[in-house]
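Shown next as structure tokens: one chain only, the form predicted on its own.
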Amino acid sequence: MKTVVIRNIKRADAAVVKRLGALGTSTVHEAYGRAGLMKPYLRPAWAGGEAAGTAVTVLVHPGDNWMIHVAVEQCQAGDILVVGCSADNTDGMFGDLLATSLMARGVKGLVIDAGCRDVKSLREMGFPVWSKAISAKGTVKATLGAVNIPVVCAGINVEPGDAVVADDDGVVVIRKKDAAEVAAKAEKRHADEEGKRKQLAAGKLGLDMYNMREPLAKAGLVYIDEPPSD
């Protein structure tokens, strides 16, 4: 691995990212062919946070947050910092001080395949973080990594500039080249779901709305009006 910082990256279109963010992780993930979803161990540090932005990627080493500090300089308004770790780690690599620095640059949030800390302060600041763990364990600044190279974070390969959507349901990553197409598909899916939601609210059963009765019968499901006699 080269210990490099790539300064100029191509980012997904900001207007497209905003459209994706308005639809939420679950809808975008489905519209993306159920691709791009990070492993579910990655959870929001505090409930209710949501973010959509373009990825600035960081590769760090266990217990060392040096490269996160390096990466802050490369962030622009509308970015999300995505941190991959070279080996399994849960140390608290990120807290309110780094969050303050990122917020000053207009960064929307952090996704980290390691630990974070200062959760109460992060919640009060309104800075959303998705992490593997919450840990008060501190870190050092001793080992070089890299910024804006492809990284694996919670099982997903993330390229610099990819679109990232995160909320209480998880984190999904959409490749730059796919973002506009996925946004259009997700908007169509959202409109379809609104129509279904109205039917369900009016009392229609999913069994009928989705035409499930015939395939259920073919699969062998039998309805009995009374329990069998002993």
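Rigid core (definition): largest C-alpha set, two forms, superposition within 1.5 Å. This structure is a prediction, so every number in the text was calculated from the model and none was measured. All residue numbers refer to positions in the sequence shown, first residue = 1.
From this point on, the text means the form predicted in complex with a further copy of the same chain, which you will not see here.
Trainee: At 4.5 Å between heavy atoms, is I156 in contact with a further copy of the same chain in the model of the complex?
Mentor: Heavy-atom contact with a further copy of the same chain at 4.5 Å: present for I156.
Trainee: Check whether A15 has any heavy atom within 4.5 Å of a heavy atom of a further copy of the same chain in the model of the complex, and answer yes or no.
Mentor: Heavy-atom contact with a further copy of the same chain at 4.5 Å: absent for A15.
Trainee: Going by a heavy atom distance of 4.5 Å, is R117 a contact of a further copy of the same chain in the model of the complex?
Mentor: Although a further copy of the same chain is absent here, R117 would touch it in the model of the complex, with heavy atoms inside 4.5 Å.
Trainee: Spell out, yes or no, whether the shortest heavy atom distance between G126 and a further copy of the same chain in the model of the complex is within 4.5 Å.
Mentor: No, G126 sits far enough from a further copy of the same chain in the model of the complex that none of its heavy atoms falls within 4.5 Å.
Trainee: Can you list, in sequence order, the residues from 199-214 that come within 4.5 Å of a further copy of the same chain in the model of the complex, counting heavy atoms only?
Mentor: Going through 199-214 in order - heavy atoms within 4.5 Å of a further copy of the same chain in the model of the complex - the hits are L200, A201, G203, K204, L205, L207, Y210, M212, R213.
Trainee: Would you say whether K10 is displaced between the shown form and the other one, judging by a C-alpha shift of 2 Å or more on the superposed rigid core?
Mentor: Stays below the 2 Å threshold, so no.
Trainee: Would you say A22 moves between the shown form and the other one, meaning its CA shifts by 2 Å or more once the core is fitted?
Mentor: Moves: no, less than 2 Å.
Trainee: C-alpha of L205: shift of 2 angstroms or more between the shown form and the other one, rigid core aligned?
Mentor: After core superposition, the C-alpha of L205 moves 2 Å or more between the shown form and the other one.
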